[in-house]
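So this first bit is one chain, no partners, the form predicted alone, shown in structure tokens.
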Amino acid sequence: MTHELNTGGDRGYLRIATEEAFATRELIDAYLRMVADGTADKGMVSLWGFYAQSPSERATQIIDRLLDLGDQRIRHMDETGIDKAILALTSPGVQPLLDVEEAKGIARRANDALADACAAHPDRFIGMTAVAPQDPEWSAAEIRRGASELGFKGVQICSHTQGHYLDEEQFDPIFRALADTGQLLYIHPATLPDSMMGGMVDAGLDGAVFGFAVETSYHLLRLVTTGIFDRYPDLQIMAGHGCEALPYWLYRTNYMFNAGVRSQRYARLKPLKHDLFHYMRNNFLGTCSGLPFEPAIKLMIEVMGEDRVLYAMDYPYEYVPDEVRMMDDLAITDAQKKKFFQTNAERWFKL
């Protein structure tokens, strides 16, 4: 141990963790039912067939911690020096549920439970709204309810919804609601749809180890290359895990996208108002959730700008005190470190 992990800003900044998960028992039971009755896809069977059924220490601890929005979570925050946690419904949310009314009910009740927890711990918990994109108009109304009634500071969507992506026209009400409320959208990974899965389960690479980033970065690129930020220039989209590796690939992605547009290779892709570097530095936000790795964070800062990179722990899927110490010891300036841990979160979540 190199230093104590205390809350309260004794190192010159508060620590605000921006991608922290919770669940409701109702949601976990719905996942278990889908795994049991055969309506879950391969990714759901792999992910929640493990976490909700395995007797392993990792699985049972995570379920216990997901379901806690009280003393245990606060204690773990205290033990790792986390002052505030921005909480969202765990992946893949209600998006795999086939019964749309059930999905909306579970999401709404989860939002209400999170709002109660935030009210009980107003100095520690901040909420993000869960939606059911199966019904875009309902989701738009829930975004507005989250912002105006529940006090939530953002919206989380767990990537695709049964193989459908947010660049599809049917989801535009969600973006209109984001524009109306001025809230950011956190696009979190989800299990891969069967159409993308291939042999990833057999290879043991379908989840957070690799598959999540493949699917979510694909989703983010679909949005930016089809002009979402030209239609909604003030929209802010946040992504975790090093912004799903997009900063690393940005030069090549930008070059090949523009080459494809110039050659008219793809009917769907049209010229954008700006290059992809512009959108990365004006519309994307990235967190280090699950990636407390100095070279990756420095790359994000260099590519995205120091005002667009934020700290996250990824609790309870990662809960390692020494990772917090590693982030405290990042070789960046003190001003950059305060932005990373505290003030960027305060700015973008409007705390």
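All residue numbers are counted from 1 along the displayed sequence. Only a predicted model underlies this, so the values are computations on that prediction, with no experimental measurement involved.
The same protein has a further form, the form predicted together with a small molecule, not shown here; the description that follows concerns it.
Checking 280 to 288, 314 to 322, 297 to 305, 34 to 42 against the small molecule in the model of the complex, the stretch whose residues place heavy atoms within 4.5 Å of it is 314 to 322. The small molecule is not shown here, and in the model of the complex it never comes within 4.5 Å of any heavy atom of Leu69.
Interface residue remark: Val100 is not counted as part of the site for the small molecule in the model of the complex, having no heavy atom within 4.5 Å. Residue contact with the small molecule in the model of the complex: His188 places a heavy atom within 4.5 Å of it. When contacts are judged by a 4.5 Å heavy atom cut-off, His241 counts as touching the small molecule in the model of the complex. Site residues Glu19, Trp48 and Tyr51 are all in contact with the small molecule in the model of the complex, judged by any heavy atom within 4.5 Å. Among the residues Ser91, Ser217, Gln134, Thr181, the one placing a heavy atom within 4.5 Å of the small molecule in the model of the complex is Ser91. For the options Ala208, Val201, Val261, Ala141, the one in contact with the small molecule in the model of the complex, meaning a heavy atom within 4.5 Å, is Ala208.
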